[in-house]
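Heads up, the chain below is alone and in the form predicted on its own; it's given as structure tokens.
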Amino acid sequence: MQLTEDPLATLLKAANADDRQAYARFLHAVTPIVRGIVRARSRSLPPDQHEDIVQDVLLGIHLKRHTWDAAHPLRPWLYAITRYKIIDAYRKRGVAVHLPIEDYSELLPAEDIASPLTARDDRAEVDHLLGQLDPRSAEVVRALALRDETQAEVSARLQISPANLRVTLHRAMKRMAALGRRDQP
């Protein structure tokens, strides 16, 4: 049994009952708490990311405030949201590591150059698959995927809207993939 009620819980209860002023006071009171947790738990993240995490937490609170059960303490619910947003920030950081390639260019193995026969065989297979498409789809694939023309150029030349051009390309590539799988032994 709790002897004194948490003032934050009181504010969030009122906010969930559509009291906008209580919600504003709740956000104003909870922000320094969230900021302190983020700073303590995100020491290995760059400091400029801390405020982004705080904003993510506040957005998460806003979107999920209806899930808090007033019969339970507020702070564990609040800490859980904060914890998960910090974990998300670490995950995002782990995905993209940027290293200048110039520092490692001498250590990286060079790409093997395909033999002319292999390249010719691939080209023959592509031509075979393109021959099985309708002429308009085949031209869209040739223009966008093989000749690297811009969408604007192809759209104007073939008199197709950019949206229709993307759909045509997507369907043609999907059809070619299916045809290629069917031709595999």
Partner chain sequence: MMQTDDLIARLSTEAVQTALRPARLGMVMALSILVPVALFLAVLGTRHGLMLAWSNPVVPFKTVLPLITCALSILLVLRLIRPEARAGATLWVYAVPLLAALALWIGAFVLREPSARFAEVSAFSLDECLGSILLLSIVPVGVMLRLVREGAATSPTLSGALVGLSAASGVTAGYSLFCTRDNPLFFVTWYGAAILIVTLISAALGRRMLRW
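Nothing here was measured: the structure is a model prediction, and the numbers come from that model. Residue numbers count along the first chain shown, from 1.
What follows is about the form predicted together with the partner chain, which we do not show.
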{"property": "Distance check, I81 to the partner chain in the predicted complex, heavy atom within 4.5 Å", "result": "yes"}
{"property": "Touches the partner chain in the predicted complex: N16 (any heavy atom, 4.5 Å)", "result": "yes"}
{"property": "Heavy atom of Q55 within 4.5 Å of the partner chain in the predicted complex", "result": "yes"}
{"property": "Interface membership of A24, the partner chain in the predicted complex, 4.5 Å heavy atom rule", "result": "yes"}
{"property": "Interface residue in the predicted complex among R147, R136, H62, R43, criterion: non-hydrogen atom within 4.5 angstroms of the partner chain", "result": "H62"}
{"property": "Contact segment among 25-33, 136-144, 152-160, 123-131, judged by heavy atoms lying within 4.5 Å of the partner chain in the predicted complex", "result": "25-33"}
{"property": "Partner contacts for 65-87, taking the partner chain in the predicted complex and a 4.5 Å heavy atom cut-off", "result": "R65, H66, T67, W68, D69, P76, W77, A80, I81, R83, Y84, K85"}
